[in-house]
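Here's a solo chain for you in structure tokens, the form predicted on its own.
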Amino acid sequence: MAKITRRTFVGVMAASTTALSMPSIAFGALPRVVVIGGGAGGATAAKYIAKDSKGAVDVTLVEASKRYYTCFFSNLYLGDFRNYGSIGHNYYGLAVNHGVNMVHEWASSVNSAEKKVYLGSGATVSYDKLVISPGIDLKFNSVNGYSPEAQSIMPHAWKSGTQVQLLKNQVKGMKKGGTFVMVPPPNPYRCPPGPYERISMIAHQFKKTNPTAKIVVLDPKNKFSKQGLFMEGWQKHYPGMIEWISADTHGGIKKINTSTMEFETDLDTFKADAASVIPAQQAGRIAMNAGVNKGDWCPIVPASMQSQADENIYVLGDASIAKSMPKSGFSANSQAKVAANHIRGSLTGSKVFAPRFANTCWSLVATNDGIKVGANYDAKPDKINKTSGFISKTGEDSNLRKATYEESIGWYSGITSDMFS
């Protein structure tokens, strides 16, 4: 069999429907790492394994999309603070600058006994270490009446892609004085403050173009991240526009009728002119297929992000059970660097540093009114443990809030460069 080089790898992948090779270490070749998922966790892991191993490890990133649109900052697109193109990124830098083999296909399953990833085309990729960073899948049936078909009527816009464009069009096209109904997800879910930043950005749109519109939030929870900060901001910037109704108050959503745009609860039936429904979530399907989940999510070894089910598999980001760390792009990027360091050490004998984790979640409430929450973490034997934290305070000076927003812009530029260049 001819040697598969990085130059020919993608072409062979496109043409082949059989395994590319047996595990590489057995033949004295470079050790192979396969990364599934090209978001904040997967792209970062692929880059840092390839970059810091200095050619000693062969890295393949399996990601179906050729252009990746970040979920973080998609709310700012809804609020007209970003254009859609600005949240899209390609993988040119990973391939050209760091020699990462890009395979734009779906990963359909994992054979952990043979250390192979099966692709949608029927081809396989062998690995010595596997990183799974697939983000989330949505549990559509968690809300009675919601379904994959309903997402075109009531977009969730909670995964990378065109759903957020659909939602924005529906917000902008809603009738004057109409009602927008929002259903946030139950815990745990991707980006805890995200639904409430979304509410803020939709209110920001309405304030400009539809000031008599109303927003009703039917929350399956009784409290949410940064609640005091958001409610202070809503009262200041959008007085009388947003009605947040807790689970205890509305008694639960009994049924959604997408044909009539009605939300039936114990409290009342709410009629919507436009809506967004974000259902419950679980680890991306490939993590389930790989057998590294325990229920909806995937337990990990805190110091390395290795799966508790298989020491040769690492699970990053939203799909993992990282205990104190929220499911966020910042968290995934931080976890990826810990995993990359551990993988390089195990494959090349390089130094493995003590793990350090961090997270910050910024949210925009209105123009130049940014708020944030964050923490630092270390790895205990049984969990990732919070060591320090911070959160914006109510009543902060407007200059501080503007600086917080500008800080978030710098972070977005920095993290996307860190992931993709």
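If you're wondering where the values come from, they're calculated on a predicted model, not measured in any experiment. So that there is no doubt, residue numbering starts at 1 and follows the sequence shown.
Unshown form predicted together with a small molecule; subsequent notes refer to it.
Contact with the small molecule in the predicted complex, defined as a heavy atom within 4.5 Å, holds for exactly one of 307, 276, 334, 74, namely 74. Note on the partner interface in the predicted complex: the residue among 206, 263, 158, 180 having a heavy atom within 4.5 angstroms of the small molecule is 158. Comment: 58-66 is the region of 348-356, 58-66, 384-392, 367-375 lying near the small molecule in the predicted complex, near meaning a non-hydrogen atom within 4.5 Å. The shortest heavy atom separation between residue 405 and the small molecule in the predicted complex exceeds 4.5 Å. None of the heavy atoms of residue 340 is located within 4.5 Å of the small molecule in the predicted complex. In the predicted complex, at least one heavy atom of residue 286 sits within 4.5 Å of a heavy atom of the small molecule. Taking non-hydrogen atoms only, residue 49 never approaches the small molecule to within 4.5 angstroms in the predicted complex.
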